[in-house]
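Okay, here we've got a single chain as structure tokens, the form predicted on its own, with questions on binding and movement later.
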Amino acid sequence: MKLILVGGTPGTGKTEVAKLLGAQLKRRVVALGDIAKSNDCTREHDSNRDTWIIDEDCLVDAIMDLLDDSKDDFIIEGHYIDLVPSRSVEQVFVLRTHPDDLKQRLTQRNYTADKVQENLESEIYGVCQLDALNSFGEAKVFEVDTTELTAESTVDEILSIIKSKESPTRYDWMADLEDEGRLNDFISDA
């Protein structure tokens, strides 16, 4: 069994891209959020951040059960892809979005101001990127900038990467914003 992981900060397009990629590759798509819910891996609701707190140990166990029970190749998508055991992971695609566009997308989703800020900072600091690199290594982790791409063109980009075996690309929004003199516009003082 082989896995392709699609991760990234909320608002980068993970869910739609994973569905389309699954259809293209004829692979089942599994969302980490669905695994967490169906296995009671949520501890409590954080009303300040309007999110559920995940019991990571429970989620890892549920992922392991899923992997042990399946022989099919599939795609796992979600925010916490670094919790997926690396043994069967072929490639990891971390979707990235420029903070200007990500802020707009999250605001359109009616995220609270605090939740928008938290996710913007996560994207700027490259939290999903770094977690993926630490868990799966430099050679398996690819980043795709979805800022100006549709879900369909993002899938085309991923398929191109899969076929070409090109070297991974890295994005550093913090350096870009600092070069533009706008980093302080996105990072909170709190």
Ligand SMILES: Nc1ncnc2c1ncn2[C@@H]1O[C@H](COP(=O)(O)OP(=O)(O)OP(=O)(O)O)[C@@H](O)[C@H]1O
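Predicted model only: the values in this text are computed from it and were never measured. Note that residue numbering follows the sequence shown and begins at 1.
The same protein also has a form predicted together with this ligand, omitted here; what follows describes it.
Taken together, the three residues 17, 105 and 154 all lie with some non-hydrogen atom within 4.5 angstroms of this ligand in the predicted complex. Of the residues given (162, 67, 54, 149), 149 alone sits with a heavy atom within 4.5 Å of this ligand in the predicted complex.
Only one segment in the set 175-183, 5-13, 162-170, 21-29 has residues whose heavy atoms sit within 4.5 Å of this ligand in the predicted complex; it is 5-13. Interface residue remark: residue 109 is counted as part of the site for this ligand in the predicted complex, having a heavy atom within 4.5 Å.
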